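The chain below stands alone and is given in structure tokens; this is the form predicted alone.
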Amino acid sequence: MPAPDARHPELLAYRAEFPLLDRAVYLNTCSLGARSERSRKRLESFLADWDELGARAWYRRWLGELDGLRDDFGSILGVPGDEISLAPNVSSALAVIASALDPIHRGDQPSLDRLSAAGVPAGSGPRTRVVTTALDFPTIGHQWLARAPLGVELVVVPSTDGVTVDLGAIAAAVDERTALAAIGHVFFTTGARNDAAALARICHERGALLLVDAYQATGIVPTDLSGDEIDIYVSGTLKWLFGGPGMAFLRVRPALREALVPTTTGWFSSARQFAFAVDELALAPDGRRYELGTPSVPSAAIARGGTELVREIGVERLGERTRDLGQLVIGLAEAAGLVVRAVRDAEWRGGIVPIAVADPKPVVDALAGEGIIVDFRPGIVRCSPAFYNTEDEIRLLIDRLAARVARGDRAFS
């Protein structure tokens, strides 16, 4: 039986803010959130400042805008903005963290002692392992595969059902040799949500750190980082923060911040940034410690439009409507005979509903030709409705998808 209509229909009033929704049935927010008019206005303001002020805009406007964006991210996650580090993308944020973990991999005892002082009893000896899962985004694994010449071992925990990864299997992989478990809050192909608190307990009991890749969660999964559960949190604006590409961020919990000393740095990570001293390196005492070079100010301007919208609506309401729409996708797809590879319990699902199709790309291309935008990954059509989608758009998608499959060879895996 298909799910009832989604909660919070009042949020459809925001559709007028998104020009893309007049041109397409857009069900691909997990790849790129639609752009709001408030983001366009903020970008135009950036351009006007550039024209009016030139380089003076840095001091009159733009540095304040970067601080404002840090505050925006912090507000969404329940922490002060000065705990946030800006990055151009998650890969860059991970590279900074990976550089800070190199002494841990080597077994540098002062570094291990600093971890213990920060509440992670790392013990003694090298911690050469990094644990991730088969369902995580490749960026995570690649950071540590590249460090294999340094003796770092990447352990990939398999998925037995192709949708989730068993907590017990993760617990078995995290041991006294593990420096870090790096795992998605929501898996990027299946939309399955992981229990971050349980992952933290597994890691901390074994003296390891937990890094959560929250790119598919931030904006629709309410998250409070004010506690000590999540050691390192990385995310970005591309998806459920509706802030476009070019901006990501990192948060290291304060007790751990001084314990990790990055060797991949930039001038925004300096405690005395505007002293311009080439012969000294004193890292900033706050989140800027993990930043690199000059952030993209136009990307920050666009991102502030998205974060303004998320803060205005609230993550809880955004998440509830998103999951309800996902439940409608599941119900209608199964009623049409389609094979859904998603978690059924809405509380443990993000914004993604994968529908199994053996050769999904031609199907996705054909739907795009009809003005229905979804995405594909190996073996699935990936649907991701957001708060601005209507129930009728979901019904249209499933009707057209089912018809295309029926006209073919029922290419389900």
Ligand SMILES: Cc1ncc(COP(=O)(O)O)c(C=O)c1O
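Quick note: we count residues from 1 along the sequence shown, nothing fancier. For clarity, every value in this text was computed on a predicted model and none was experimentally measured.
The same protein also has a form predicted in complex with this ligand, omitted here; what follows describes it.
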property: Partner-facing stretch of 269-277, 169-177, 330-338, 208-216, counted where any non-hydrogen atom is within 4.5 angstroms of this ligand in the predicted bound form; result: 208-216
property: Candidate from Leu238, Ala342, Ala95, Val79 lying within 4.5 Å of this ligand in the predicted bound form - any heavy atom; result: Leu238
property: Partner-contacting position among Leu225, Ala118, Ala196, Val90 - heavy atom within 4.5 Å of this ligand in the predicted bound form; result: Val90
property: Exercise: Thr265 in contact with this ligand in the predicted bound form, heavy atom 4.5 Å; result: no
property: Non-hydrogen atom contact Thr139 with this ligand in the predicted bound form at 4.5 angstroms; result: yes
property: Within 4.5 Å of this ligand in the predicted bound form: residues from 182-199 (heavy atom criterion); result: Phe188
